[in-house]
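Below sits a lone chain in structure tokens, taken as the form predicted alone.
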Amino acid sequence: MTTLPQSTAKKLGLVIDLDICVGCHACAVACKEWNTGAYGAPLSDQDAYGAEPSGTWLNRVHSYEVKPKEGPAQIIHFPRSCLHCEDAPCVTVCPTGASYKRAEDGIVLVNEDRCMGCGLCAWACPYGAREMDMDAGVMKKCTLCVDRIYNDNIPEEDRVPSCVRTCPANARHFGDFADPDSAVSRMTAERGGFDLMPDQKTRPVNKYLPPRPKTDATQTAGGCGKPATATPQPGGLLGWLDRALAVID
């Protein structure tokens, strides 16, 4: 079985803001495109234009209707990908050493040349973040675009995961959680960022920022959270006429 490093120099990961994610799936599409044209083997699709298409996606977005204890129900768009856990069970269960966690930055990767497609890592992952590529016969997962974030041949502003660079709502952020002064660390502390399924004790690096409570639509007018204002009532002759017609109706 594969062992995990006792510690990592960095803890690279994502912060995902559930308050502003609009569920547009741009992150998933950008991830599919980048990883198909760059690192590793292409992410294959089966029967893409048929009645039952399927394929390999390293990033997916699920949408849920949530009813808080207080306030109206709201739609939460929940992006899901590998969380690059500190105690990654997908690594320790791997019989060939194909799954491993890098000591220099904490990124969890798969050596596709050593993967035999047994599926144990997918079984061990509590987040469903691993997918079998049916064409390649090996497991695929989010790499944090490792071939992109260290690429000196592209502009510095592009040296972030493709999903982060693409997000039109700026709901995704990338950085080093080992640095308490990094933007992702400060954001997590200030907004109460949380782990997904902490009871699993995997210590995921990626964090989620909770959605803020929404205002009841019946208390607002015109959208944009503006408070409703009372409609002015006509006075004088017009007011009398309005009340008289209302009685007739």
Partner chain sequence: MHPALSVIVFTTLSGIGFGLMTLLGIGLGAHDLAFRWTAVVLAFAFTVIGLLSSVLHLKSPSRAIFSFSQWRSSWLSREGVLSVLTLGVFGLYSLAFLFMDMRVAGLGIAAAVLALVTVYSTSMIYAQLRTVPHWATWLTSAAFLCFAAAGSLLLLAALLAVFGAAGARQTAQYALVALVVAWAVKALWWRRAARTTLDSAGSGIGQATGLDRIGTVRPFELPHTSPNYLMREMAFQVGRNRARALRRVAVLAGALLPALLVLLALVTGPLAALLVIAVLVHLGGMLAERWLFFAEARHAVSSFYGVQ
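Residue numbers count along the first chain shown, from 1. It should be emphasised that the depicted structure is a prediction, and the values quoted were computed from it without experimental measurement.
Another form, the form predicted together with the partner chain, is not on view; read the next lines as being about it.
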Answer range among 170 to 178, 102 to 110, 150 to 158, 128 to 136 for contact with the partner chain, defined in the predicted complex as heavy atoms within 4.5 Å | 128 to 136
S7: touches the partner chain in the predicted complex, heavy atom cutoff 4.5 angstroms = no
With the cut-off set at 4.5 Å between non-hydrogen atoms, does I20 touch the partner chain in the predicted complex?
-> no
Could you confirm whether G37 comes within 4.5 Å of the partner chain in the predicted complex, counting heavy atoms only?
-> no
Can you check whether A183 is within 4.5 Å of the partner chain in the predicted complex, heavy atom basis?
-> no
Taking the partner chain in the predicted complex and a 4.5 Å non-hydrogen atom cutoff, the residues of 92 to 124 making contact are T92, V93, C94, P95, T96, G97, E112, D113, R114, C115, M116, G117, C118, G119, L120, A122, W123, A124
